[in-house]
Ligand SMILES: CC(C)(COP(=O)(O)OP(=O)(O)OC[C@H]1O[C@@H](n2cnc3c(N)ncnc32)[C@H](O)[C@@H]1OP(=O)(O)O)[C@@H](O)C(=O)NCCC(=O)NCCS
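Just one chain is shown here, as C-alpha cells, and it is the form predicted alone.
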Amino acid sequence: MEIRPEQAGDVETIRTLTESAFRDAPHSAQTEARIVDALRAGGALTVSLVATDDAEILGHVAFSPVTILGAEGDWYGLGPVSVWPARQRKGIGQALIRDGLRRLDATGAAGCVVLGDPGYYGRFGFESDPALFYAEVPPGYFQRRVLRGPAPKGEVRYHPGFDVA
C-alpha cells in the first residue's frame, strides 16, 4: 500500500468512496462527501491523502484549518476519514491518519483536533480536554493532539465547508 497526496483525477473516486464509507454509519448525516468537496473548492484541504494499492484508491483522509480564538500556531481538523466498506478494519484508515499527522507535524503545525470515538482516536495521541470545545459535542468525543506549544483553550471553529446541508 502506498499513501500519496490526492491528484486531480482522484476527485470522483474520493467522492464515491466517501459516500460509500459513511452510507450505513449511524452517526453520519451523509454530508461527508460534500464536506470534502467544499473544503477542496475553498482551498482548505491542507492535507488530502489517498491510500492506494496498484493504483486502486482504498481510502482517503482530509485535514483542514480550524480556528481556536487565542490559540497560538496553526491548528487543523482531522476528517473525514474514508475507507471502502469491504476494506475497513485492515489498518488503512490508521495508516492514513498517521501519515497525515506526520505531514502536519512537518509543516510546523501546533496541533490537530478531531470529533470521534475516544477509544479509536486515542491510539493516535488525541486526548479530550474540557478547556477546548466544539459546539454542543460531549467533551469526551471532541479531542486534540498537541504537536508543539501549549494546549489551546476555547471554542474551535471549523472551515465553513463543514456547514454543508
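Small disclaimer: the values here were computed from a predicted structure and weren't measured. Sequential numbering from 1, following the sequence displayed.
We do not show the form predicted in complex with the ligand, though everything after this point is about it.
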| the ligand in the predicted complex: within 4.5 Å of a heavy atom of each of Val83, Gln94 and Tyr120? | yes
| At the 4.5 Å heavy atom threshold, is Ala21 in contact with the ligand in the predicted complex? | yes
| Heavy atom contact within 4.5 Å of the ligand in the predicted complex, the stretch among 120-128, 46-54, 66-74, 101-109 | 120-128
